[in-house]
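The chain that follows stands alone, in the form predicted on its own, written as structure tokens.
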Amino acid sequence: MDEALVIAAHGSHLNAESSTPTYDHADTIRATGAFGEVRESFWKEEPSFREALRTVDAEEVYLVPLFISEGYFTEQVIPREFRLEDWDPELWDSDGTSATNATLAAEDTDQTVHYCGPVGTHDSMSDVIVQRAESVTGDPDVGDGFGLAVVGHGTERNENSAKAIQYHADRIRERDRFDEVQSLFMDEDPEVDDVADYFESDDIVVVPLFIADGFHTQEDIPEDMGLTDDYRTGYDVPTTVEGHDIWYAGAVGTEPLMADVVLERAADAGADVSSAIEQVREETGGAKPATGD
């Protein structure tokens, strides 16, 4: 099987757990046998973006960024480090949430690289957010009587950072599963600090749209929402804040169904992985997308 999958993630020199979801999702996909090779690569860890293709024997590679939004890393850093010839963000024909894929040549290895949009803006990410809500509440039918907050970093430096959060909040709202759905942010309005002010529902599930748990999801957000004064002392799930029960889910990227989104990106670029997608969804409890979604 002369096709490989390479997952490109950020990683961290400071947080040893940052790469764990990447390895977990790669292992899940590797077990399906959909690709001859599955490789992990990182910006801040080894194996690095720059060396990744040299570790792959296959002549055809599907490159999927394990990033939330379209922007600096997906449009500049990854194409540069993987040395993708003739790359131009216009090839994705995206408005900030609709990246597709582009087939390019790697300059120094002559491999054919199908460069895919990031997992965070794929439609199937909405399913992962919903499943994250199911996981934290322990209720596969959660929705009625609950509000859902989809939380992102938000930054003035990249308007697409907020677009991804709003995109999935809008899609989930249209399903009419939850009583309320809001997009909230750490660094711009509406801020997650005031989560209770934006909901009437007694119960609120909070799902951060981050790939891995780290400083923001484990320390900043819990303290900002008032779940605890000091993250080191922990907090209950749910925790009552201003009369609302807050069900804090932690990073969406740790949900096992994320492996499906990686496969969906590869499938959109032409990979024959329909059986693998079905297998992963069955193994991770992923529901099929809602009709018309």
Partner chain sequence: MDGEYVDALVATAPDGIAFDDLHVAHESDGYTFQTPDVDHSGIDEETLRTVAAESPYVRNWYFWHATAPQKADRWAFLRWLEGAEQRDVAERYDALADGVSATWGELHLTVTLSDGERAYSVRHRADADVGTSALDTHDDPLDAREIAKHDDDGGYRPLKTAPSLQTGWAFPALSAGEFVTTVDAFYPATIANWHREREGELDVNHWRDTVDRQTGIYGVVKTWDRGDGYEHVNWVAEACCDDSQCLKRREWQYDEETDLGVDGGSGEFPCREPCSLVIAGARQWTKLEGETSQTYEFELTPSEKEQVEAIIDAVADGEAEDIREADIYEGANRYRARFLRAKLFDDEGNLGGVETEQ
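Positions refer to the first chain, counted from 1. From a predicted model like this one, the values you see are computed outputs, not experimental measurements.
Absent from the display: the form predicted together with its partner chain. The rest refers to it.
In the predicted complex, its partner chain sits beyond 4.5 Å of every heavy atom of His244.
Though the partner is left out of this view, Asp27 does reach within 4.5 Å of its partner chain in the predicted complex, counting heavy atoms only. Contact annotation for Thr240: none of its heavy atoms lies within 4.5 Å of its partner chain in the predicted complex. For the chain shown alone, Glu37 is a contact residue for its partner chain in the predicted complex, at least one non-hydrogen atom being within 4.5 angstroms. Partner contacts here mean any heavy atom within 4.5 Å of its partner chain in the predicted complex, and among 160-168, 105-113, 119-127, 86-94 they occur only in 105-113.
Contacts of stretch 7-34 with its partner chain in the predicted complex, defined by any heavy atom lying within 4.5 Å, are made by Ser12, His13, Leu14, Asn15, Ala16, Glu17, Ser19, Thr20, Tyr23, Asp27, Arg30, listed in sequence order.
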